[in-house]
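Just the one chain here, the form predicted alone, laid out as structure tokens.
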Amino acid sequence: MSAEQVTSGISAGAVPSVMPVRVGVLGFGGLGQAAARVLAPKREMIWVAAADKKGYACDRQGLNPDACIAAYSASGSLGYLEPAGALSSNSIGDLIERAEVDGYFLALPNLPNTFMASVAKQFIEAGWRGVLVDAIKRTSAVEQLLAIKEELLAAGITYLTGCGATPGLLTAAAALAAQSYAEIHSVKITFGVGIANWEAYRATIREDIAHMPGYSVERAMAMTDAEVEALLDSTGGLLALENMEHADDIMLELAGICPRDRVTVGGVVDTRNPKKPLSTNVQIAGRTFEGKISTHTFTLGDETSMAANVCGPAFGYLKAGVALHRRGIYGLLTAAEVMPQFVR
């Protein structure tokens, strides 16, 4: 059964809790480390594998987040973790081959813009079958995944894209809120992100810089840390982003909610303060069947961090993806088409 046969809002069903889902995390920067901490208390999932640029670690009994973060912080790679780590110049490929994993969270920077699709192709070429979940940002990156959706289907991979906060949690909220209306006039997503130190999320900040006027993915990738710091010094640590190329638009269009030109995304990132500079919210405006014009607003609590709002939904979608995969449903889906399942 293909992903196209899965209707919007499908209930994937509960994943049996007898056997915990074996989870891998690709990327071990700020987001990957947060993902490890989110998974630690879960009973329905066990974190067994992770990879970074220089190496990987896997243990079928489960990896210890504190030990992994300590090894990464001290030496720059999970490959130095004893005894579960291994250094590798092909860390993702080697991990795919050696680890027994049901589903991976791709906590990877999409720099360059082709990177996520290239990682998906690695899984396809390796003959791996299972669930992949990403927290991708750019519309054009999702379009590249759409170009290989038939390959994912044929490979027996259930791939859920755009499953972070935005795209992801807020996109799904928009899809749900849209049900009150006969026609959607606009979807406006505004986010506030606060982090105490940009270096903990270097790749994420570079992705944000790439959205700024005068910048591109290529330019952001080429910036040294000193150049990033100089830019942040000039803005007081704030990044103000407007009319971003964000995949919420294509995801809502694919789900039949509204044309992508009715979706706008922007926000403010404070790289020097963990307090959010503004509240994250999505506003869905439309016309009801009675002809009334109204707006729904869904606002995230200011106390929830970027990591909580990205990693929580990502694993909720991974759980849903595992249930779909066990039912033989493969291919590409988005966070606006499937309800996430809460991971206990």
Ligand code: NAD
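Bear in mind that the values here come from a model prediction, so they are computed numbers and not experimental data. So that there is no doubt, residue numbering starts at 1 and follows the sequence shown.
Below, we refer to the form predicted together with this ligand, which is not included among the displayed structures.
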Task: Non-hydrogen atom within 4.5 angstroms of this ligand in the model of the complex for each of 108, 136 and 201 - done: yes
Open item on the list: To verify the annotation, which of these, 36, 284, 310, 318, has a non-hydrogen atom within 4.5 Å of this ligand in the model of the complex?
Closed with: 310
- [ ] Name the residue from 165, 132, 141, 173 that puts a heavy atom within 4.5 Å of this ligand in the model of the complex.
- [x] 165
Open item on the list: So, residue 49 and this ligand: in the model of the complex, are they within 4.5 Å at any heavy atom pair?
Closed with: no
Task: Partner proximity in the model of the complex: residue 159 to this ligand, non-hydrogen atom cutoff 4.5 Å - done: no
Open item on the list: Taking this ligand as it sits in the model of the complex, is residue 29 in contact with it (heavy atom to heavy atom, 4.5 Å or less)?
Closed with: yes
Task: Proximity of residue 113 to this ligand in the model of the complex, heavy atoms at 4.5 Å - done: no
- [ ] Please determine, with the chain shown alone, which of 147 to 155, 181 to 189, 257 to 265, 87 to 95 has non-hydrogen atoms within 4.5 Å of this ligand in the model of the complex.
- [x] 87 to 95
